[in-house]
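Just one chain follows, in the form predicted on its own, and it is written as structure tokens.
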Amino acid sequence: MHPYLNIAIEAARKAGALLERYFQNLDRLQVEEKAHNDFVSEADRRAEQIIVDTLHKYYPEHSIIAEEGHGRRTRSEVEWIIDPLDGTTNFLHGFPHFAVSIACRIKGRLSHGVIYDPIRDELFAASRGEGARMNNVRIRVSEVRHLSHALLATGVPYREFDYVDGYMNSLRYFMMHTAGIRRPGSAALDLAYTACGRVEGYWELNLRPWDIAAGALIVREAGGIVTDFAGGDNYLKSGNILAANPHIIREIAKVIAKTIPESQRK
């Protein structure tokens, strides 16, 4: 296992342990609203600080992009992308579905990724070219070959609503032509579940890099395909992501192309 991945796992487990303790005492947690439906708590901030401190303990020169602002940019070719608590709304409501997400990008390429669910004690990890694992057992995307048999995950608009109509068109189609839709509330875990075959695919709009960086690599290393809505690899910049097993991704992409306006797919 690559040293970078080992350190990311260490950091994710430390942060996850802290989140689990906070989760048992939510009534004492201080919460702020950063923007409409966008919350941050003491748990997010402390978890992020733990991750940053762990990474900088071993690699003080590395650059860090972190959701809550504890990271710092450097000239290093190694860059960490951190979401200390993906699924904050779930967490704050006592809904036990959230995760720590840590990705490492080297010379602009996603190279290592970790997603840790502290409630289920499930750790998803991958390094470029070395496959993906959950709790150290190799995982693969599902073999479902038809959209009609597929279970899909998604995230509904909750922060910006300019693209609601296009999104609802895609959702309506998939509701009628798949085995079902799930909206659990954590993009990182949606991608992890795609990687291990719990769902066949996942699509969402307007995300941030820290929401999806680790998960995108894990899906790819599990044999899946990850694209933006134009069929390229610009999802970290556009925030629009589609991930699925190789058998159904073209069919999903065709639906998105038909239902979501081009201006919202860029």
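If you're wondering where the values come from, they're calculated on a predicted model, not measured in any experiment. Sequential numbering from 1, following the sequence displayed.
Another form, the form predicted in complex with ligand IPD, is not on view; read the next lines as being about it.
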Legend entry - Partner proximity in the model of the complex: Gly185 to ligand IPD, non-hydrogen atom cutoff 4.5 Å: yes
Inset, instruction - Find out whether any non-hydrogen atom of Leu26 is located within 4.5 angstroms of ligand IPD in the model of the complex, and reply yes or no. - result: no
Legend entry - Contact label in the model of the complex: Thr88 to ligand IPD, heavy atom within 4.5 Å: yes
Inset, instruction - Consider Asp211 of the chain shown here, and say whether it contacts ligand IPD in the model of the complex, taking contact as heavy atoms within 4.5 Å. - result: yes
Inset, instruction - Please pick, from Arg138, His93, Arg159, Arg120, the one residue with any non-hydrogen atom lying within 4.5 angstroms of ligand IPD in the model of the complex. - result: Arg159
Legend entry - Listed range touching ligand IPD, judged in the model of the complex by heavy atoms within 4.5 Å, from 104-112, 163-171, 140-148, 185-193: 185-193
Inset, instruction - Would you confirm whether the three residues Gly131, Glu200 and Glu221 all fall within 4.5 Å of ligand IPD in the model of the complex, going by non-hydrogen atoms? - result: no
Legend entry - Residues within stretch 200-229 having a non-hydrogen atom within 4.5 Å of ligand IPD in the model of the complex: Glu204, Leu207, Asp211
